[in-house]
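There is one chain below, alone, in structure tokens, taken in the form predicted on its own.
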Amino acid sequence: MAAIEIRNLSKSFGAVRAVDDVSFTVEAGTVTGFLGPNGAGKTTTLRSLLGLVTPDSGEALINGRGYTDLAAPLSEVGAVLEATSFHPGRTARNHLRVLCTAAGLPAARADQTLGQVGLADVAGKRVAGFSLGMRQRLALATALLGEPKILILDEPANGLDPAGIQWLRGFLRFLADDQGCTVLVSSHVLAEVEQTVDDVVIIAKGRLIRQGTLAELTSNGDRGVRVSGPEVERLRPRLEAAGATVECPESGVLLVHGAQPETVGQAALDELVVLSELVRQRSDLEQVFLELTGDPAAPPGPDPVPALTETPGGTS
């Protein structure tokens, strides 16, 4: 039985069809990336899974049951949908202790989970002074209180600095690989998702676009062999004679289709051509995502200068 199962889920808000007959599964012990453009229906799906939204039709199941049917939900599933639901006057420790009392969990779990997420040193500080990244860690500690085997995370890297993102990546892999946890994580940081997940679910405009392993989604994106060097154009006749298709996107660079890297390397050796680069190019998750969703890339030109902002305590 799948740890998480979405069956023909549909939900409308007025005339807006947020989720339209979506079905997918999340296998136990895996990290699954839940991806889609803004407005794709990801949050509505997650809120349906957690009993916060009643779908018009279909089911959202955790271990074969709806969230409201779980006898001890905090011990089965932990969730982070936003990192803002904290009383600013409470300390991190007291925030968690209140939840432990409400859920019948030992108070010691508060400090244990703070240690897990790297907040032990600020356990006695008020949440009002926390940055967004620190609030994200506190939200994750909240989700871990009941030692659940399933985690549902919506944009957990939001507000984390590069070191925090790297920590989160390793932590999620530890939970899945060493603790047997199932993690469903929604994120826009596709480069990080690609380094973290086993499986990928992509939705757009409320409908399922693709589900599969990360390897399956990116394995068919062979974009040829890129080879560069000061005299690399000398290889073109030989490679074309061997049946390869050769492009020259820029001076000193060839993009070879229909030949293995070994073949290109042997040609360079035989022709005594010095190479500075020889690499097989494959689609990454971002390329696959954009192709499947039709989400346009940013227009050319310089990025706008962001407004200067500052959060208490830094960014992580």
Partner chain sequence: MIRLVKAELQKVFTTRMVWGMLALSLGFTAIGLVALSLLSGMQGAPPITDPDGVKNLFSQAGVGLVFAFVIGTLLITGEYRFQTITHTFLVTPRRQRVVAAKLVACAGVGLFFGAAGIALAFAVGVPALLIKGGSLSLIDGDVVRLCAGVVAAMALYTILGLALGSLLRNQVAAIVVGIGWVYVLENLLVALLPSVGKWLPGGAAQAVYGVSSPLGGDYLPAWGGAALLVGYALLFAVVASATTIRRDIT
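Numbering follows the first chain given and starts at 1. Being a predicted model, the structure only gives us computed values, none of them experimental.
Beyond the structure shown, there is the form predicted in complex with its partner chain, which is absent from this document and is the topic of what follows.
Q: Looking at its partner chain in the predicted bound form, do all three of Lys11, Asn94 and Thr142 come within 4.5 Å of it through at least one heavy atom?
A: Answer is yes for this spot.
Q: Between Leu61, Leu275, Val53, Ala259, only one gets a heavy atom within 4.5 angstroms of its partner chain in the predicted bound form; which residue is that?
A: Exactly one listed residue reaches within 4.5 Å, namely Val53.
Q: Of these, Lys125, His87, Arg223, Arg207, which has a heavy atom no more than 4.5 Å from its partner chain in the predicted bound form?
A: Among Lys125, His87, Arg223, Arg207, a heavy atom within 4.5 Å of its partner chain in the predicted bound form occurs only for His87.
Q: The chain here is shown without its partner chain. Which stretch in 186-194, 227-235, 161-169, 95-103 comes within 4.5 angstroms of it in the predicted bound form, by heavy atom distance?
A: Among the listed stretches, the partner-contacting one is 95-103.
Q: Indicate whether its partner chain has at least one heavy atom within 4.5 Å of a heavy atom of Ala244 in the predicted bound form.
A: Answer no; every heavy atom of Ala244 is more than 4.5 Å from its partner chain in the predicted bound form.
Q: Residue-level question: is Ala79 within 4.5 Å of its partner chain in the predicted bound form, judged on heavy atoms?
A: Heavy-atom contact with its partner chain at 4.5 Å: present for Ala79.
Q: So in the predicted bound form, does any heavy atom of Thr68 sit within 4.5 Å of its partner chain?
A: Thr68: yes, in contact with its partner chain in the predicted bound form.
Q: Should Leu74 be classed as touching its partner chain in the predicted bound form when contacts are defined as heavy atoms within 4.5 Å?
A: Yes, Leu74 lies within 4.5 Å of its partner chain in the predicted bound form.
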